[in-house]
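Given next, in structure tokens, is a single chain: the form predicted alone.
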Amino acid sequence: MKDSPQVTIEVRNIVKQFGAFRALDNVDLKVANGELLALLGPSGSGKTTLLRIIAGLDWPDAGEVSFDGENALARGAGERHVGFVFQHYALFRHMTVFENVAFGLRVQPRAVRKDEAAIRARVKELLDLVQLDWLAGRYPSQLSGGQRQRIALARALAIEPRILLLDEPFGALDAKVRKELRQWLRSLHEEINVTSIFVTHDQEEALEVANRVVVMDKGRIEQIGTPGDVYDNPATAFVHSFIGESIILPVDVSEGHVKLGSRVLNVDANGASGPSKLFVRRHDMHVGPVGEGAFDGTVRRVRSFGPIQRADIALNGDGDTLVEIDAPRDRNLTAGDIVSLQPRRYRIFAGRD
């Protein structure tokens, strides 16, 4: 497979309203040549709207979109040379796999359309690329979900797009197939080298596949960084709570002292002041003997998941507050144990909103 042309995408001050709802609120983003970028966020965060605007399937109320410095908004979707892969495949049920992949090539204007031999060679190349050449004569109804999505991707690549956009590409698949296709997509991108953006609400998918992750919420970008950056150094309370599974405790910070209720915790205030929230990953809450940590608690329930134990622990003195922690299975926690908890890695963000 030859290298496809790489394109830099730049989005500046994009605003999009749907009635009173502001789907995108002055969004700025730059996607580098050949990058595989994930737009990650909950439903309603604006990620699919942004993708559709880049594709030319929707239009902003304000702002600019450029490809390699040229105004993309002056061109319609068909003129942008963008390949788009949808969550639900959008394959033509009455066409074979071969004809589905060939479709975009057959409907190109006569001036640029390949001859039949070249079309057949291109389709064979793509079916080989997605490792499904043996299914060329079958119909979509005869394929598994994972096979359909790979054919949808081959069809999007048939026209040699400058940009590849994927909207929740694995969202309709079961967990095992999603994991297999994530690894496959990462390898495929390294081979085809097309500037690519994919939308997902699955944090594991974004962290595993992308070069960089854009975390969105309520129409705004909360953080942009490598998967390691956004996981290890979340910029906001939202990013910490959305990426990874966090314990969140309401605290008050005064003169550098962090209080949970009336209890002063043995933690650093991290520059916060006033009503705040303490965030710690479940696996970063150390379980030790009574009196050695920031606070004590009573184990209420324990269940095992492979090498870990997951335990619900009620904080002593505040039995209504339950924290869920992950501990090594050989810690042998049982219901009724009284233990001490100490955050090893944590962040404190000011504010309770």
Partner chain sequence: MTLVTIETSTSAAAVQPFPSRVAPLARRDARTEPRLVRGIIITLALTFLTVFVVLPLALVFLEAFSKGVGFYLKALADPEALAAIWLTLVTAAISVSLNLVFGVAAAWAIAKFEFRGKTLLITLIDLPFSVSPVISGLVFVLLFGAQGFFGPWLMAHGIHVLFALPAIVLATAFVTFPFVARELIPLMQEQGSQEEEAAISLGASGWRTFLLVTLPNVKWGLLYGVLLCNARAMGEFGAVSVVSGHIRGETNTMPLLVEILYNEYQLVGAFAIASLLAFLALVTLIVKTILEGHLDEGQPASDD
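Numbering follows the first chain given and starts at 1. Not measured: the values here are computed from a predicted model.
What follows is about the form predicted in complex with the partner chain, which we do not show.
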Inset, instruction - Indicate whether His240 is a 4.5 Å heavy atom neighbour of the partner chain in the predicted bound form. - result: no
Legend entry - Contact test in the predicted bound form: Ala118 vs the partner chain, heavy atoms, 4.5 Å: no
Inset, instruction - Spell out, yes or no, whether the shortest heavy atom distance between Leu57 and the partner chain in the predicted bound form is within 4.5 Å. - result: yes
Inset, instruction - Classify Gly171 as contacting or not contacting the partner chain in the predicted bound form by the rule of any non-hydrogen atom within 4.5 angstroms, answering yes or no. - result: no
Legend entry - Among 241-249, 211-219, 191-199, 93-101, the region lying within 4.5 Å of the partner chain in the predicted bound form by heavy atom distance: 93-101
Inset, instruction - Taking 4.5 Å between heavy atoms as the contact cutoff, choose which of Ala77, Val177, Ala136, Val264 touches the partner chain in the predicted bound form. - result: Ala77
Legend entry - Selected contact from Arg106, Lys124, Lys259, Arg186, since only one has a non-hydrogen atom within 4.5 angstroms of the partner chain in the predicted bound form: Arg106
Legend entry - the partner chain in the predicted bound form - contacting residues of 128-162, heavy atom within 4.5 Å: Tyr139, Ser141, Arg155, Ala156, Ile159
